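Quick setup: one chain, the form predicted on its own, written in structure tokens, and binding and motion questions come after.
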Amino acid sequence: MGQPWESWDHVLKIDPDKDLVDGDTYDDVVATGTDAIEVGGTLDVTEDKMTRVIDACRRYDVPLYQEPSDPTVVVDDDALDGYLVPLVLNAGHPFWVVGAHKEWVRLDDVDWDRTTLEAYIVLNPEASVAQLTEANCEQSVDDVAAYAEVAEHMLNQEIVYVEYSGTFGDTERVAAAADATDDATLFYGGGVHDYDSARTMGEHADVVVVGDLVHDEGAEAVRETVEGAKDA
């Protein structure tokens, strides 16, 4: 039996530190047609904020995952289908490669049956996640391909995530990651803001992740990206 993300085209990532656009409700968010909702953010995230969004989404029939940025914000809730946990391959500090994960195991009884790592390759140096993890974003096309291959074949990762958070990324690098992986599911996130940008990245990545758009422009704009990702 395969993993659910193997059939996804689009994920909506909701930042618990940000509000929805005025007039939008979670009914509107779910009605965009996204394949899954991921609750997570980099800065100023707390367990209470995470819980607020999870509670708002729990009654909908859309897969719901938490992406914890820190072990202290993990929410133990049956409403979640699981946890997608970042491991930043090109982090400059080992805490974001394995240290945070060790702390979670030390502090908590991890639900391994519902926990999957996402092997991140962070490529926008201006992004909060790059600055927090001190990521080395100066990666060539060959570097990105090599990281993706390491993730799948050395580290046995099921998800490889090319992250350009805050800007639209380089399609050549995303395509290289796709070519370098066999069975891993390739996620792409960053700067997807309309039908065309979603379709462009959807032609290379298996799953297009949209985040800030729901907070900046609203559910209707997200709906366009769902259509683009599914048409790719």
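From 1 onward, residues are counted along the sequence shown. The structure presented is a predicted model; accordingly, all values stated were derived computationally and were not measured.
Only in words, not in the display: the form predicted together with SN-glycerol-1-phosphate, which the text now covers.
Just one stretch in 196 to 204, 183 to 191, 28 to 36, 55 to 63 has heavy atoms within 4.5 Å of SN-glycerol-1-phosphate in the predicted complex, so which one is it? Residues of 183 to 191 come within 4.5 Å of the partner.
Wondering, does residue 69 line up within 4.5 Å of SN-glycerol-1-phosphate in the predicted complex on heavy atoms? Although SN-glycerol-1-phosphate is absent here, residue 69 would stay clear of it in the predicted complex, with no heavy atoms inside 4.5 Å.
Would residue 211 count as touching SN-glycerol-1-phosphate in the predicted complex under a 4.5 Å heavy atom rule? Yes, residue 211 sits close enough to SN-glycerol-1-phosphate in the predicted complex that at least one of its heavy atoms falls within 4.5 Å.
May I ask you to list the residues of 4 to 20 that have any heavy atom within 4.5 angstroms of SN-glycerol-1-phosphate in the predicted complex, in sequence order? Stretch hits: a single one, 13.
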